[in-house]
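The chain below stands alone, shown as structure tokens; this is the form predicted alone.
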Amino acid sequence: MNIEGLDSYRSNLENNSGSWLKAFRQRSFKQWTEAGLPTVKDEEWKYTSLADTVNHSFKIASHHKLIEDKQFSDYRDKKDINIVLVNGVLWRGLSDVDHLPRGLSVFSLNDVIVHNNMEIQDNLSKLTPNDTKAFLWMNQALFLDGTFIQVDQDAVIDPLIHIIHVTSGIGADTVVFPRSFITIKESAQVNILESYVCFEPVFYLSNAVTDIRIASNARVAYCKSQSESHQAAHIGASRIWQDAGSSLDSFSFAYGGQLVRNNFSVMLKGEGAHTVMNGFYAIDGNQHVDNHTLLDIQQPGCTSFQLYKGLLSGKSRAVFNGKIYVHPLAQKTDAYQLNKHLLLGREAHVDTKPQLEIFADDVKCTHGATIGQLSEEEIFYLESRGINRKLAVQLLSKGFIDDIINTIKNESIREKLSRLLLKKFPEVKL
């Protein structure tokens, strides 16, 4: 993978970094270049080829492009707390950061790291068993900025926090490095939506990383929504650490992108933590979406529920690899996992692999997967009631979707995802 002007870009980054960050970037760059990018010979990538994606000469996105786009204006909601990053850089002028609720802080990630924030330094250096190390190290070596969000102890943030990563003003073969760090302190409550969008129909690569730390007894709803250009490639890592008694209600939504890889990892570090890890992907044409999830249960008394569903038409392809790993100390674990697909296209294809690795003996864990098509009897029933076949397919598909979308408790998030899905229904084809 070639990146134009890489040496001068790295030199500028390191000259503007403190001693710790400079050494961290240098170490990450060395690890990235030595590791090389994954291929289909790697077990975790055997169904997803990066050959067409990385065989480009990339340019790193400029950070000084402003947004003058009606689609972007429509995407924002005035009742939310909007935090906008353009090509990986926090833009205060587009963000609602001047009058934040008590208990909520938002900063440029670069500014916080420069001031030697030990919490961030500790987390940036961590790895999870689900990381694609080459892309993580590439992001760590080359990210320019990002956002740092903190919710204080006992704070209850009522409005939705909407982090909007916009790729804008770019040409073809551009690479961007979005980065977010979110920390939720003890007994806090918050709802977060993190969106990745682009309104320009060009090929680019988004290498995104989000780290979230949830302290004991906190209550967090987090959704990642990926609706980038249908020509784009998105390689993303969401990494979440939960402490004792905390609760996470998470959702992963994939709609855009030509090639998408989502690594979603939750580490349950404290006793009695609870996790919901749901997701939905609606893809068509030649789109390829690969979801790799990890629930790493390290302490006793934890509970988790996971449901991922995919709707595929055209020649699209989905990959799902979901692993629940129960450590020896994690007795009394109760974990459930299910992956379901509805194929509308005759040439659509799915590879699914739910996994359980259990090293404790007093647990209750189940998993399963289904792949199917619409019932001709159900379609005929609707047609016999005067509904044409296309509309019948749409109505039955909507029932399949509503089952998973309605698990999202936050109304604002649910409405935003539903609006995106409405754009796709008129184009559903058998």
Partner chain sequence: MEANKGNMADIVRQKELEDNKLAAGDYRYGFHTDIEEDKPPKGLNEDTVRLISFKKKEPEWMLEWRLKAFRYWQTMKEPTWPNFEYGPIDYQDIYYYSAPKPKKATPASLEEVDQELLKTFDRLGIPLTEQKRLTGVAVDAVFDSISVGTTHQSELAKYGVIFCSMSEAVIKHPDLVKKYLGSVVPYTDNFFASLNAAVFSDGSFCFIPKGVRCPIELSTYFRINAENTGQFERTLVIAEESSYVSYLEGCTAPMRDTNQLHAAVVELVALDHAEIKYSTVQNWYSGDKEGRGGIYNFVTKRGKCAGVNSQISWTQVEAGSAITWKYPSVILQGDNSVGKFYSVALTNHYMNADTGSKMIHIGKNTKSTIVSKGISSDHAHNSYRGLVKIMPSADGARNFSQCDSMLVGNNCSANTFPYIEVRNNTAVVEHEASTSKINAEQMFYLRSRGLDLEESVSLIINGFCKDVFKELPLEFSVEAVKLLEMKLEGSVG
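Positions refer to the first chain, counted from 1. Just so it is clear, the structure is predicted and the values come from calculations on it, not from any experiment.
One more form of this protein, predicted in complex with its partner chain, exists but is not displayed; see below.
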(request) Consider the chain as shown here, without its partner, and state which of Ser49, Gln373, Ser62, Gln26 has a heavy atom within 4.5 Å of its partner chain in the model of the complex. (result) Gln373
(request) Could you check which residue among Ala155, Leu144, Val112, Ala360 gets a heavy atom within 4.5 Å of its partner chain in the model of the complex? (result) Ala360
(request) Using the partner position in the model of the complex, report whether Thr366 sits within 4.5 Å of its partner chain, counting heavy atoms only. (result) yes
(request) Flag Gln355 as yes or no: does it have a non-hydrogen atom within 4.5 angstroms of any non-hydrogen atom of its partner chain in the model of the complex? (result) yes
(message) I'd like to know if Gln331 sits close to its partner chain in the model of the complex, meaning any non-hydrogen atom pair within 4.5 angstroms.
(response) yes
(request) Report yes if any heavy atom of Gly345 sits within 4.5 Å of a heavy atom of its partner chain in the model of the complex; otherwise report no. (result) yes
(request) Could you tell me which of 245 to 253, 184 to 192, 201 to 209, 346 to 354 sits within 4.5 Å of its partner chain in the model of the complex, going by non-hydrogen atoms? (result) 346 to 354
